[in-house]
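Below you will find one chain, with nothing else, as structure tokens; this is the form predicted on its own, and questions on how it binds or moves follow later.
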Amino acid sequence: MTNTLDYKTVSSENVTNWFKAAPVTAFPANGGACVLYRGKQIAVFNFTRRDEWYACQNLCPHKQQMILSRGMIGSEQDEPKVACPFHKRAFSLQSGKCLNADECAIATYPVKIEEGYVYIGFDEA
């Protein structure tokens, strides 16, 4: 079983492996979908209102459920966020910080779009 400790944030400068996740068309506008990378569920968000993409762990740290890809996305003081649909905990899609409770942060990952495909950055070979 995957837990929060299996995920760690990767910054853009530490990416060593760009994982080709799926075509851009596989992700809903202003919504998310989940991809599997080496046994880890990664939530990917196509934030069309902001013309931005984000990726984070799919595991909500509050109740340890794989659900964040189905969360509601929005902005709080211009910071993009996702809210867990079960528990309403909101997390920054940039830093992973919990915005409305003392929950631990979620891991976030860099995303790039090339030739119609979504790539997620990891720091492992």
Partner chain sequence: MRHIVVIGNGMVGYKFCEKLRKLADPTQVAITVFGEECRPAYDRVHLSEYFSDQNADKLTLAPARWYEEQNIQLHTGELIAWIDRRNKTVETHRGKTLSYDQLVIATGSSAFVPPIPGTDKRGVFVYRTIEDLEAIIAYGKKMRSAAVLGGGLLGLEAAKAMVDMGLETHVVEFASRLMPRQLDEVGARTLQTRIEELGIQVHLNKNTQAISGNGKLDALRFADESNLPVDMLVISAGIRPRDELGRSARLDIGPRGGIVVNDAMQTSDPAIYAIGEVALHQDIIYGLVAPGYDMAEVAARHLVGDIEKNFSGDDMSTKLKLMGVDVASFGDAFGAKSEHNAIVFEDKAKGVYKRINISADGKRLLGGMLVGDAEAYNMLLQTMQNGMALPPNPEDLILGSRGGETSGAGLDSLPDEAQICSCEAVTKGMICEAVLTGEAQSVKEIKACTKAGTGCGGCMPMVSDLFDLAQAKMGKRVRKTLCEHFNYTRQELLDIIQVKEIKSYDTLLNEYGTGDGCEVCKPAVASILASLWNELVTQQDTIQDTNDRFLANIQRGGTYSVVPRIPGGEITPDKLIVIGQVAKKYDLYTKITGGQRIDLFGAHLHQLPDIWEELIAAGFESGHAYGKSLRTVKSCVGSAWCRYGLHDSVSFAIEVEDRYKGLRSPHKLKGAVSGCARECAEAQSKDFGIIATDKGWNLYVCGNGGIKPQHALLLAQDVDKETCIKYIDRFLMFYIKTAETLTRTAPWLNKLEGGIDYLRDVVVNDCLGIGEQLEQEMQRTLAVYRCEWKEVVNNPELRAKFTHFINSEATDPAVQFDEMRGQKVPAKW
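Residue numbers count along the first chain shown, from 1. Keep in mind that what you see is a predicted model, and the values were worked out from it rather than measured.
Beyond the structure shown, there is the form predicted together with the partner chain, which is absent from this document and is the topic of what follows.
Undergrad: Residue 65 versus the partner chain, in the model of the complex: is there a non-hydrogen atom within 4.5 Å?
TA: Yes, residue 65 lies within 4.5 Å of the partner chain in the model of the complex.
Undergrad: Classify residue 41 as contacting or not contacting the partner chain in the model of the complex by the rule of any non-hydrogen atom within 4.5 angstroms, answering yes or no.
TA: Because a heavy atom of residue 41 falls inside 4.5 Å of the partner chain in the model of the complex, the answer is yes.
Undergrad: At the 4.5 Å heavy atom threshold, is residue 13 in contact with the partner chain in the model of the complex?
TA: No, residue 13 stays farther than 4.5 Å from the partner chain in the model of the complex.
Undergrad: Residue-level contact is defined here as any heavy atom of the residue lying within 4.5 Å of the partner chain in the model of the complex; does residue 57 satisfy this criterion?
TA: Taking the distances in the model of the complex, the answer for residue 57 is no, it never comes within 4.5 Å of the partner chain.
Undergrad: Where, within 11 to 35, is there a heavy atom within 4.5 Å of the partner chain in the model of the complex? Residue list please.
TA: 19, 21, 22, 26, 27, 28, 29, 30, 31, 32, 33, 34, 35, in sequence order.
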